[in-house]
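The chain below stands alone, shown as structure tokens; this is the form predicted alone.
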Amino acid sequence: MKKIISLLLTLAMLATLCTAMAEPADAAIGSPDAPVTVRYLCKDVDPADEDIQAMATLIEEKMAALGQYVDLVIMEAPAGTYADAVPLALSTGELEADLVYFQGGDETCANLGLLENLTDYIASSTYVKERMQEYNKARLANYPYLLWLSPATIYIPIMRADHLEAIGMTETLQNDPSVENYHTALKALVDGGYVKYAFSGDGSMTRANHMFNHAFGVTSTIMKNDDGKYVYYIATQAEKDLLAFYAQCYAEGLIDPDYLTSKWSDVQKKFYAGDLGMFCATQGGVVDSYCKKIVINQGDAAQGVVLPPAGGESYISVSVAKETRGFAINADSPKEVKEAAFAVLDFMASPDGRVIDKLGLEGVHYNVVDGQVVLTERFDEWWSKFWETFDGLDENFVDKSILMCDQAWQSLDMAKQYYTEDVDVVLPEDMVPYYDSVFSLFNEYSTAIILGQRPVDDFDEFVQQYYQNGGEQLAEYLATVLE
């Protein structure tokens, strides 16, 4: 009899556990008669826009069906530059938002204790934690105040299929993407008259660094030198070797001489006009845009080809020091409001939320025909108001080929395949002047070296000045953090 009772108790406990596991992880929020007001602020999300108001209503309805009753109030951003105005307004009490998108300036608010630690919210979430990539998790561990579900910003090299075929390098670059082979291909395009220049930049070689850094040994933001000191990559032999390569390319006429003064719109125009052999674009949606526009401008033969990083190891290492932008919750909001605000974020990471965020409004931006999404002419007006990620979209409902071209989807996969986590830290305010000083010097020397105004060996002179202008202090601080 005791065994039977024990068995019945065990079964009852298992049933209870299974029931608990089957229920949504989110607790009920508010009530039909008393929804919890969540004040939402995001850059360029206009409360006067009818589509935005319809989005808020749809979110409220979908969440109410889950027993989560919220009143999502879209707020107008304070006057001024968003990155400056939002933290100032929040810190002075002028801005009373609960769910705030930051695009800079968040550290000031975090240091004042104005931003909620999101660690526990995310740990108990239903969908957010499923959408996080490894770099998101590392950033949260280092800085738990911002959340941004998006592919990492990695610039993927694109070249034209007709160009690669003309110089006979299609399979070579895909299967053996060595620096030598990239150099051979880019030189062949310029020397053969297919393009004016191999590649350009919008004021620096930053985008090219995304594909060349690792090939020359620039593997992280902070590295150790031969003496075992922590230094920023700008003071390493690896960076010297990379600058020597760029200087060679510039001397050979491969780099657009206007790269220092060009705006990114100028670089785009040159690529569409057929003047550039290679273009580095952010994985995903940006790659999609450029691959489509190059065909519009140059014909079907000019299909974009996304390529692996030089050296075949990794694109630029992804910093995990902190999120550079994303959503925060106001620490001064009442507890139930903070929980409701995060519930909104979690819902928007759910399959239903992803449809709203990525597709917009049914009947406006898309229609459903025979159980499948068909985009309308107004679809291009819509952009994600919460999360940039495509993860969570039901592919049985949404044919992903209607959202982006194959090359764009491939670029997302390649960014994950060639991913390396960076070594970087968030510097305290007293270290920032040293950082600014050494990087200002680096920009001066590196530009002169690339342009041939200084010999490559002048880099050694820069390294000496690096230590004299803050490098020593930075090394001492970095050792305390990284060791």
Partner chain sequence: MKKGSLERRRTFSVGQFILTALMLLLAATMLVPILNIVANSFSDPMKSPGMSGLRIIPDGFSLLNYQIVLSNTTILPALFNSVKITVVGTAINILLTTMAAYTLTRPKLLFKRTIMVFLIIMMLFDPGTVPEYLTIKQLGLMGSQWSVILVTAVSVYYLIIMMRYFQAVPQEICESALMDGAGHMRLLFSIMIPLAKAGIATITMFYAIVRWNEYFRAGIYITKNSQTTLQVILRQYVVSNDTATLIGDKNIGKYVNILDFNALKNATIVVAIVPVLILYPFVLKYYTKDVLAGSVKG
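Numbering follows the first chain given and starts at 1. Here, rigid core means the biggest group of C-alpha atoms that superpose within 1.5 Å across both forms. Just so you know, these numbers come straight off a predicted model, no measurement behind them.
Just so you know, the form predicted in complex with the partner chain exists too; it's not on screen, but the next bit is about it.
A residue is said to contact a partner when one of its heavy atoms sits within 4.5 Å of a partner heavy atom; Val374 fails this definition for the partner chain in the predicted complex, lying far away. Taking non-hydrogen atoms only, Ala77 approaches the partner chain to within 4.5 angstroms in the predicted complex.
In the predicted complex, the partner chain sits within 4.5 Å of a heavy atom belonging to Leu88. For the chain shown alone, Gln268 is a contact residue for the partner chain in the predicted complex, at least one non-hydrogen atom being within 4.5 angstroms.
Only one segment in the set 353-361, 286-294, 401-409, 171-179 has residues whose heavy atoms sit within 4.5 Å of the partner chain in the predicted complex; it is 286-294.
Using a 4.5 angstroms heavy atom cutoff to the partner chain in the predicted complex, all of Asp44, Thr92 and Lys263 count as contacting. Shown without its partner, this chain lists His183, Arg378, Lys129, Lys229 as candidates; in the predicted complex, only Arg378 has a non-hydrogen atom within 4.5 angstroms of the partner chain. Out of the listed residues Glu336, Glu165, Asp84, Asp300, Asp84 is the one that sits within 4.5 Å of the partner chain in the predicted complex by at least one heavy atom.
Residues of 197-213 are not found to place any heavy atom within 4.5 Å of the partner chain in the predicted complex. Annotation: Cα of Leu95 displaced by at least 2 Å between the shown form and the other one, core superposition. Relative to the superposed rigid core, Thr376 undergoes a CA displacement of at least 2 Å between the shown form and the other one.
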